[in-house]
Structures are given as C-alpha cells and as structure tokens.
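Form predicted on its own, single chain, as structure tokens, below.
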Amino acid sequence: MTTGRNAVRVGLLGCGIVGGATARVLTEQAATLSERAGVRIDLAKVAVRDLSKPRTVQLPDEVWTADAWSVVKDPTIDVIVETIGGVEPARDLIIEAARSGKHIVTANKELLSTLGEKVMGAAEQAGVDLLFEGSVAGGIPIIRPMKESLAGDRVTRVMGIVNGTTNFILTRMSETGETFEAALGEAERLGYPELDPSADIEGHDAAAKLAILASLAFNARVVASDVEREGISKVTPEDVAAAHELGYEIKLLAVAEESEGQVSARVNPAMLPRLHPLAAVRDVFNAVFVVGAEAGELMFLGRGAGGGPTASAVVGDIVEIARNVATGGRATGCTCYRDKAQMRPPHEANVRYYVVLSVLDQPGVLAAVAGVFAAHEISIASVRQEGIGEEATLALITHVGTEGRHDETFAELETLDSVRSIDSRLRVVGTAEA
C-alpha cells in the first residue's frame, strides 16, 4: 500500500553537535536517502536558540527559526527530530508533536530513561512512530536489533561499555599507567566529556543508557533510578596494575540481567578477564554484549558518541519513518509490554569481588580474615599475601555470593584489629561464575 506522498517534511529541533551532523547528512545525502525511503526527504525547518550563531551546515534563510513550538505545530511538517537534549522543554515539545500527529525521532537518553513512559505513551495514543536508535551507543545499531532481530529469543543478560569518556580514561590508565586525574585531564583536552564531566565519570550517562537497553531486553520498563551506580574516580593505578597481574582489565561496565522474573541493573568499574571480548574495547569505542537463550553471545562494537555516529542512527530512524509514511506502515515501539520491571533488591544480586586489605603482618591474620568470609558464607577463590615491614597486603578474589553477604563481610573485616583498611574492592565480571 502507498499513500501517494512524494515528500516527507522534517522539522529539526536543535543544531548542535548531533543536530548539525544530522542536518549535514540530510542535505548532503538527500538523493540517496530519498531513494532508500521511496519518498523525498526534505529538511523543512531547523529551530535553534540563537539565529546569529555560526553554523557548520549551510541552509536557506527561511529554514531557520528561533521558535521550536512553531516547528512542532506547523501542519506541513511530518517528522520532528529532537536533538536539544535534557528533559525540558524536550518532553513538552515531543508530546505536543505527537498530539499534532507528527512522527518523532530522538536521541535523548536522559528523557527516555526517566520519562520514557510519558513520551512513548503520547506517541502510542496518537498513533505515531517514536524512534530512538541514537539514544544508546551512538552509531552502533543496538536498539533495532534488540526490538526486532532478537524478538524470537529470550535475552538473559546485557553488558556493555556505553560511555566513551570513561573508557578513554581507563584505557589511558591501563596503557600508560596514568592516574585517574591525569587521564581525565587528557580527555578534557581532547573535548570528550562535557564541561561538567561528572555525568560521565560518576556513571549517570551509562545508567541512563542501561535503563533503555534493559527495558528493551526484558520487555519491562526500567528507569535510570533503578540502576545501581558507581563511578570510576576511585580507580587507582595500583588497581590497574593488580588487575593486569591477574589477567584482567578494568572497565566501567553497565550490566543488566533477568532471573526468575526479576531484573537487576548496575553500572560500576569491574575487573574483566582479558580474554573477554569487551576487555579489548579501548579508547572512546563502545560495545554492547548481549546473551540470548538461543542465539548465545552477541557483541555490537563501534563509535558510541560524536556528531557523525549519532547522526547516522538518527537519520536511519528518519528514513524508516519516511518509508512508513510512504507505505502506511508503523514502526516497532518500545516493546515494554510488561510495564514496570520488578527489580531485584541490590543486596540479593549475585556478585564476585576482588578485595585488597592492608593487615598486620603477624601469625593468624589470614586465618582470621578467612574466618570472617566463612562466617558470612562467602567462599574465597584465590588469595595473595605480600609482606611490607610490619604490615602486609592481602588480595583476594571471592566466589559468587550475594551483594548483601559481601557487604556484611566487608563491614566485619573493618572491625578486626588486624585489618588496617580495605584499600580496594572491585566487582569481577565476565568469568564462568559471574
């Protein structure tokens, strides 16, 4: 079926890094994109806050406007592409676009991971498409495969490196021995993080992306506040060196799992065996590792940020919507048909840990430490002791146990007279156990 349309008109909200790249691709590749869509795609309007600001893309004067609401309400616009980011006014603009019968493309991970139910609900109620491939991992095609290609499978785990800034920092620490502060400074010099890098280094960005992935993987809505979160600011060169000695790399991992109807989701620095595919993902690259009951292990790798990669995903969504407009079809929505996910309490999550203790170098200390682990039913997989004068360092890796039992163990260890401090505790992920 065709609608007889010969053009689909696009209204773009925002012309920053992603919006500017999107406008460039739509204009430079106009003929090719129109052939792929089966209908001409016209960039009709672009809304920006400051009309006097220089732009990297050249468009006719009449295309530009400082009034985003006029674009959303323009009856001649078919598709609204939101690239302004943040929650407000993006939410209200998207909801109004849906009510006005316009299809929507967004890469807004913050909005989707917090108020996704509202904007997707508005689109569903209005009978319009809302696509968001660019919201996770930039140009890596992961949203559509999760919604469509794996629809015949049961995904049990999603694990990924989904923040390029933190992966760059940890790569520098691994390959050059730099401190966290020095590596962050280099990342800032290259322009990778925002002016306030806390969203990256404290795991907020990765948590938002994981919430979106988990919602798709387990067909139940997960929001950013459901994700347990720990950043990388406490990772030291000593941690990295110790990981290397044991055959591991340290990565900021976003991990979501479903078991017995409950979902657990967390973002944290973790030790990953060097033979695991994610351990080789370096610099600003992203990767998502998916485990399906039937397909087994799958990995999606590529550039996870930047104008070009994200614009590739955004324009791909525009082309899909244009095809649907031309044929009268509909795109697949969020697939969150179970509504709110039942989250597993954090203390019940099964984890492994690498732990470094500073202890007195005297007889019976190792036995006392092992006794605390045994009392809380945490089994020790390996232990290494090094003496330094009157003190010694104990480095242990545990077998799988609950987060709660590990926390109880660490709390009791801190009360022992022979334990001076717990210097490091990192989760161990990607092994046969966890």
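Start at 1 with the first residue shown and count on from there. Small disclaimer: the values here were computed from a predicted structure and weren't measured.
Heads up, the form predicted together with a small molecule isn't pictured, but that's what we're talking about next.
Classify N108 as contacting or not contacting the small molecule in the predicted bound form by the rule of any non-hydrogen atom within 4.5 angstroms, answering yes or no. Output for N108 is no: heavy atoms all beyond 4.5 Å of the small molecule.
Interface membership of T165, the small molecule in the predicted bound form, 4.5 Å heavy atom rule: Yes, contact at 4.5 Å.
Do K209 and the small molecule come within 4.5 Å of each other in the predicted bound form, heavy atoms counted? Contact with the small molecule, yes.
Does the small molecule come within 4.5 Å of any heavy atom of A305 in the predicted bound form? Residue-level check for A305: yes, a contact with the small molecule.
Which residue among E245, E88, E194, E348 has a heavy atom within 4.5 angstroms of the small molecule in the predicted bound form? That would be E194.
Interface stretch in the predicted bound form with the small molecule - options 200-208, 125-133, 94-102, 257-265, non-hydrogen atom within 4.5 Å: The contacting stretch is 200-208.
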